[in-house]
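As structure tokens, one chain now follows by itself in the form predicted on its own.
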Amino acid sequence: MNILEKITQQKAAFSKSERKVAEVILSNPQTAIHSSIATLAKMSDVSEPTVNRFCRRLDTKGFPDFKLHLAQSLANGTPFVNRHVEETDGPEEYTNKIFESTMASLEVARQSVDISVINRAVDLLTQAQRISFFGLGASASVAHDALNKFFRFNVPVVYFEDILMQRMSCMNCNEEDVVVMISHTGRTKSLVEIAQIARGNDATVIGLTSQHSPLAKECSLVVSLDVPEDTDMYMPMASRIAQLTLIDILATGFTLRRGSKFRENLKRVKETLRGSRYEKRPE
């Protein structure tokens, strides 16, 4: 039973205030997905604690978790494109839907992130003698972006999209290596095998992946984000944006942890690139 069916079935058992929330959600679930808790409370003419209480009555952990379940209930869009897009949508409709669904997914991801895990991941990265970033498919572009970010940090960084090169690289790992494996589903067999090779050679493996996935079980640390996107059925969109954001977070944490002297070095790196660009001209 999905969350919308649950709301309909339990509606009679809700309090008067909770029924107001239920009616607003049932009348326009798409709007509810993209709303903050404050907005939904205002639309329902109830308090924010009432919205939270309503969410917990439905066996969810709170508002962010409720929105995740609601998004999953609405997974009826055009297969292999985006769950919110319909066959009849024109340019204005699908443009707005992609922006709105991505922003809503990022908000859900932001509220799900465990700051203590982020802090631990930054610890491991700043202590590494070599960092590797591996991903396949859509996640390969995220790994490549991580290479571009961390390459400036004066620490050896490895990136390969080719599976055989990834395997050979991990065969040469040791206890001073950190290998970052990127996969939204965590079910890609070759990445799970590569994580096993890295761990077998005493490397620390950080997984940017789903909790409790086969890949997560092979990682030393799992950094997970709740992103309501079924990439078996739809093109990876919001999940890829969330992964890129997470790389930005780790790169920022790495920079701040290294201190002011390190940031001065980054400034010099930036200055060396100025000659490769045309100067800005006043309009």
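Think of the rigid core as the biggest set of C-alphas that the two forms share within 1.5 Å after superposition. Numbers for residues come from their place in the sequence shown, where the first is 1. Computed from a predicted model, the values in this text were never measured in an experiment.
FYI, the form predicted together with the DNA isn't displayed, but the following is about it.
Considering the DNA in the predicted complex, the lone stretch of 52 to 60, 247 to 255, 22 to 30, 215 to 223 in range is 52 to 60 [heavy atom distance within 4.5 Å].
When contacts are judged by a 4.5 Å heavy atom cut-off, Leu70 does not count as touching the DNA in the predicted complex. At a distance threshold of 4.5 angstroms between non-hydrogen atoms, Lys16 is in contact with the DNA in the predicted complex.
Although the partner is absent here, Met43 lies well away from the DNA in the predicted complex, with no heavy atom inside 4.5 Å.
The DNA in the predicted complex comes within 4.5 Å of a heavy atom belonging to Pro64.
Once the rigid core is used as the reference frame, the Cα position of Lys217 differs between the shown form and the other one by less than 2 Å. With the core held fixed between the shown form and the other one, Asp45 has its Cα displaced by at least 2 Å. With the core held fixed, Ala242 shows a CA shift below 2 Å between the shown form and the other one.
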